[in-house]
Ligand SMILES: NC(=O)C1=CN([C@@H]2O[C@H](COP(=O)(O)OP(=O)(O)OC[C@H]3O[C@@H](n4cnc5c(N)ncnc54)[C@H](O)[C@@H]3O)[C@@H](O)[C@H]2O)C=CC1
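One chain comes next, on its own, written as structure tokens: the form predicted on its own.
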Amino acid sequence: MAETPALIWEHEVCSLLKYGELIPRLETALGKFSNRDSAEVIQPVRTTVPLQKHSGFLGVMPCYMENEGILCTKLVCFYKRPTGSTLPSTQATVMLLDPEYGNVKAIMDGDVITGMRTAAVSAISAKLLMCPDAEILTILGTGKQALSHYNVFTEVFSFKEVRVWSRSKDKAEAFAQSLGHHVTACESVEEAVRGADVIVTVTRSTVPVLSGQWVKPGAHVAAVGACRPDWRELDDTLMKQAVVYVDSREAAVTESGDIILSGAEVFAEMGEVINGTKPAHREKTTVFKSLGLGVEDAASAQLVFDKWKSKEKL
């Protein structure tokens, strides 16, 4: 008889999941995904169910890593919230299953995993694609993803200046003050991104907020918002002048409005860069369009579960 599934709550996931261990796990997972070896990773494009009454979607993100014995799925609801809404824009739960017996081994908070693995993959893209002497980081947005991206980018890299922007000036100023004196709140997107070496877009926008005319040549953009085929954060100018990298080609041409609506060509997956089969064009303007993968959730959840089991044995 199967054991009762472990329940791993938000505070436990926070205490167990650390970027120093997560980033190398995710680099390995992305490389395996891009190998397209079914013994390594089987992961379909996310299935979505519209929640029209609530202006949202349910996303189902399964992944099977046969060689590692990992079977996982994430259930995530994400919403287009009106300005000023106090409701969450995402809610997620991750489940680990035993691939041989089919029982659920663990149910864990998915919001922390989603925030941290998304930010960690953006940091991986920056490590591979940004100019080596990058000094200025800009974050567009002030939500949970903005905070997780700030945390990992300032932990992994040494930026001399951090700028933030939000449609709400008050939110931008409050966010900047909560992070420290070295973070500047900007009144406009143009002010925030002019001269920036790395730009992270984590907004709820469904129309472009970042113009390629404002982005300096050689900058790296990690675009995280706009996860639907009719939503955008980046304009045509930026998408067509940049070398475009993605986490998944299949997901990008199905889910990313930034890519679909601009007609931009996908140059490579991040896993291909990690595997050495595609080059990292650090000298050019680059865009990494992040949509989030089940394999990222699977690798993250297994890391949490392994550490939880070790802690329980103490």
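Don't overthink the numbering: it's just position in the shown sequence, from 1. These figures come from a predicted structure and were not determined experimentally.
Beyond the structure shown, there is the form predicted in complex with this ligand, which is absent from this document and is the topic of what follows.
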Answer key: of 237, 73, 90, 151, within 4.5 Å of this ligand in the predicted complex (heavy atoms) is 90
TL;DR on 176 to 184, 191 to 199, 224 to 232, 93 to 101: the one with heavy atoms within 4.5 Å of this ligand in the predicted complex is 224 to 232
Flag residue 22 as yes or no: does it have a non-hydrogen atom within 4.5 angstroms of any non-hydrogen atom of this ligand in the predicted complex? no
Contact test in the predicted complex: residue 169 vs this ligand, heavy atoms, 4.5 Å: no
Does the 4.5 Å heavy atom contact test between residue 13 and this ligand in the predicted complex come out positive? no
Using heavy atoms and a 4.5 Å limit, would one call residue 117 a contact residue for this ligand in the predicted complex? yes
Given a 4.5 Å distance limit between heavy atoms, list every residue of 187 to 204 close to this ligand in the predicted complex, or none if there are none. 202, 203, 204
